[in-house]
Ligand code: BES
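Given next, in structure tokens, is a single chain: the form predicted on its own.
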């Protein structure tokens, strides 16, 4: 789909359909109020009314705000793609909602049909955004940035949606190397022999039963005179069977999404390099497949992590934290970062706590958390804080090792997972680190907002917003 920003007057742009957004309060004053009312249109959020004879598509919004425009545009673009029209136009009334419009079009119009034998072809080809009356130069910058971020989000979605037979740790390595070449990023790959030399025994244990070797991926974007140095760490479980603590059959479906943290980190560094941000970015990914077999790691095993910490394994399905334990330790040693942010589909408990739309945010620094609350609000993502608790820390106590990989009680599971990771954050980095649990927000089987079935690309828009405004 061709998306173009124009500084022409809307009347001078040729298109089959004009898209308008109406709130309930604005409906009564519209030139087509009578027809819309007869059609039963009430301008409720995400409702639509196609006046074909007028060449008009009206989308309902609660208010003319970014979140409402984004969601309504996503509904509108689906209708247009299902129609036989070729083009549409929409007039931008405010620079503040421009990025939301782009998100609605690019993210709401996303389809992943790689595995369809006969993908549906859409007649709809072009949409024009007219910025008449606005500062075009400023609008163009917002538009270009929004397009880069939205495309990076869809890049992330594409990788998450790839099936496990096509995307395993070694193909993830190949994909990362391709991204590094295309975007001129530094690239270091640690294969299993390298991981053994680094004593990354926790990570190696998780992937031991897989026929695909585990790998650590380190990509770097290094502009001149960066404001800050950021380390992004992603959980890259290309598939998670649960290991010997086998998941129920229904829970294994969608487990291709367990690599969403790694994919998000790739999307973030892709966007940062294309936006040419003056922030140095290091992306660290633990690419592993958690399978079963005669060589699988077991409940009751004690693993020695890279940091020297011993870990009692009580559940092999709590594997992501074991991978991150080693990758976080490696990242802290290799890069002296100003901030460390990890992204992981870590716990089902986070979905229970915050619902399926919201990313869990954990860490010691309230200032950092507030920064991401603001970035999430401006980018259209949803986040919620889960507080660390010294009493929950007791649930990770092991009688035979330094720490257990799961809690002894079925409460506060997302927080205890975060507390486990905190064990591997050096004291001098505690206030620099935030953990994002995207177990609920990274994948959806029910479309919502600008998210369609499958991967959402959670974290990419929020992180880009945060990095663009970092001081």
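Because the structure is predicted, anything quoted here is derived from the model rather than measured. Positions refer to the first chain, counted from 1.
We do not show the form predicted in complex with the named molecule, though everything after this point is about it.
Residue heavy atoms within 4.5 Å of the named molecule in the model of the complex occur in exactly one stretch of 135-143, 187-195, 340-348, 200-208, and that stretch is 340-348. Proximity to the named molecule in the model of the complex holds for all of 240, 319 and 439, with the criterion being a heavy atom within 4.5 Å. Proximity of residue 81 to the named molecule in the model of the complex falls outside the 4.5 Å heavy atom cutoff.
Shown alone here, residue 151 lies farther than 4.5 Å from the named molecule in the model of the complex, counting heavy atoms only. The named molecule is not drawn, but in the model of the complex it has no heavy atom within 4.5 Å of residue 386.
In the model of the complex, none of the heavy atoms of residue 382 sits within 4.5 Å of a heavy atom of the named molecule. For the options 378, 126, 247, 364, the one in contact with the named molecule in the model of the complex, meaning a heavy atom within 4.5 Å, is 247. Residue in contact with the named molecule in the model of the complex (any heavy atom within 4.5 Å), chosen from 255, 392, 279, 175: 255. Along 69-104, a non-hydrogen atom within 4.5 Å of the named molecule in the model of the complex is carried by no residue at all.
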